[in-house]
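Take a look at this single chain, the form predicted alone, given in C-alpha cells.
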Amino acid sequence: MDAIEFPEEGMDHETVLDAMRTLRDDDIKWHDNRAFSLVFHKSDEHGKFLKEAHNMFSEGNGLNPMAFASLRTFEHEVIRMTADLLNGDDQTVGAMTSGGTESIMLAVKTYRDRARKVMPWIKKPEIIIPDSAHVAFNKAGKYFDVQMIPAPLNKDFRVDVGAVKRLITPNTIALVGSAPDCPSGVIDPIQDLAILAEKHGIGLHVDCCIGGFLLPFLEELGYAIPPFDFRIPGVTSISADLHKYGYAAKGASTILYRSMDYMRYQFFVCVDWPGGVYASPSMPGTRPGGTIAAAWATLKTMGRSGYLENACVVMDTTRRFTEGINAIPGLKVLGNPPASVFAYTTTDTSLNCYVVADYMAERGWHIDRQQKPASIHLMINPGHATIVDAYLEDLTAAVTFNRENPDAAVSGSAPAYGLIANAPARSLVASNVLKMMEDLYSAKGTLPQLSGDAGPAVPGFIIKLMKLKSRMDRFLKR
C-alpha cells in the first residue's frame, strides 16, 4: 500500500465525491436487499427525508442544550414519545445515545455508580446476563470493571431463571433480560426476572435495542408478545434503538430509566475544570445534532399508523422466510422467535452450516454466521419482501450443493468458522482475533478475511487451531 500523506492542496468537491463513490462500490449491496444486518432501510423516500432533516441540523451540537434549544426539544420529545411507547409514566426519564452499545454501557455504569452509593459494601460488583445477551454488556464490564456473570439458556434459547436465581450473590447489582435477544430473536422471561430483581432489591435492565420500536406494534396487531417493558414493576431501565426498527438515521438510540433515582448516576459533572463547569448526560462531549433531529423527525412523520403498517409488512415477510426455510429438508429455524429476528441451522449431519453460508455468500448475499450453535442469522426489513423467493431458491441450491459436495466443509471459509466456533482453547482464538484487529488498525490498515487464502495472520491462526484440534483428538482416543 502506498504511503498516505496529508494533502498539500485541497481537491475540488466533485473529484472527492467521485472517489468516495468508487470506494462505496466495494461495500455490501444493502440497497439491493442482499444484506440482513447493519442497515435498516424503510424506503428510498424515507431515506431522502432523513437526509433533509439530518442536514438541517448537521452543524448543531447537543453538548449545550441552552445554545441549541431546538435539539433539547427534539431529544426531550423523543424520550417522552419512547417512554409512552414502552408504557412509562411521568416519572420515566432518559437520554438519546449514539447507539445500543452506548445505551447498554451507560446502564452498566449507572448501576455500578448507584451500587457504590446505596450498597457501598460491594467492592466487586456483578451483573447477571443471559448467555445470549448482547456482547456490549461484556464490553461495558471490561470498561467499568463490573463482572458479567453469564446465565445458561433453556432449550428454547431463553435464559434459565432458576440458574439466574442460583447465581445471585451479595455482589449482584443488577439483572439483564433481552426483548428480543440478537442471536435467536426470543424474548427472555422478563416478568420472572423482575420478581427476582425486586426480591433482592436490585435493578433489571431490559435490552430492547432491537425490539423497542417493533414489539409494541406487534402486540397491538395481536401477536403473542409477553410483557417486557415498564408495565412490569421490577423493570428499572430499558435500552431501545431508534436506528434499527425505529428507522432513524445512525447512530441514534435511547436509554430510559423508571425514575431519576437511577438516571442521576448516569450524569457526569465536573465543577473544578479551568474551562468552566462541565456537565454531560452521556459519554460523548459533542453530540451530533443531525441524528437527534432526524430521530424526532422520524417519529413524527411515521407515527403509530406508519409503524403498524411497517410491522405488518415485516412480519408477513418474516413468515415467508421462516416457512420457506423450515420447508427445506435439513434446515430449521431455531427456537420460536416472536418477531422478525431469527436464525436457522442444519439438522442433517451430512450438512455443514458454514458451507451453506459460503455458497450463499458466493451468490451475492451478505451472510451473518453465528456459533453456539452454528447458524445463519437474519433481521427482516420491508425491502426483503422483494427477494424472499430468490433467497430461498439459492438456499435450496446451497443445501443441494452441500449434499453433493461433502468435502466442501474443508474449503473456503467453512473450516475457519468451524474451527473458531469449536476451538477448545478460547484464549488462542482471542489472541489471534486481537492480532487481526491490530493489523486492521495498523499504519498499513490490512483488511483481514476469514478464509483460507486471506491475509498472512489468518492461515497461521487456522493452522494453529487445526494442530491443536488434532492433538486433542489423539489425546481423547487414548
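Because the structure is a prediction, the values reported are computed rather than measured. The first residue of the shown sequence is 1; numbering continues from there.
What comes next is about the form predicted in complex with a small molecule, which is not displayed.
Within this chain, Gly99 lines the site of the small molecule in the model of the complex, having a heavy atom no more than 4.5 Å away.
Under a 4.5 angstroms non-hydrogen atom cutoff, the small molecule in the model of the complex has Asp241 among its neighbouring residues.
Contact between Ile292 and the small molecule in the model of the complex is not found at the 4.5 Å heavy atom cutoff. At the 4.5 Å threshold, heavy atoms of Val314 stay clear of the small molecule in the model of the complex, well away from it. Between the options Arg258, His134, Arg158, His384, the residue in contact with the small molecule in the model of the complex by a heavy atom within 4.5 angstroms is His134.
The contact with the small molecule in the model of the complex, taken as any heavy atom within 4.5 Å, belongs to Ile210 out of Val355, Ile210, Ala248, Ile190. Comparing 332 to 340, 267 to 275, 355 to 363, 201 to 209 against the small molecule in the model of the complex, the single stretch with non-hydrogen atoms within 4.5 angstroms of it is 201 to 209.
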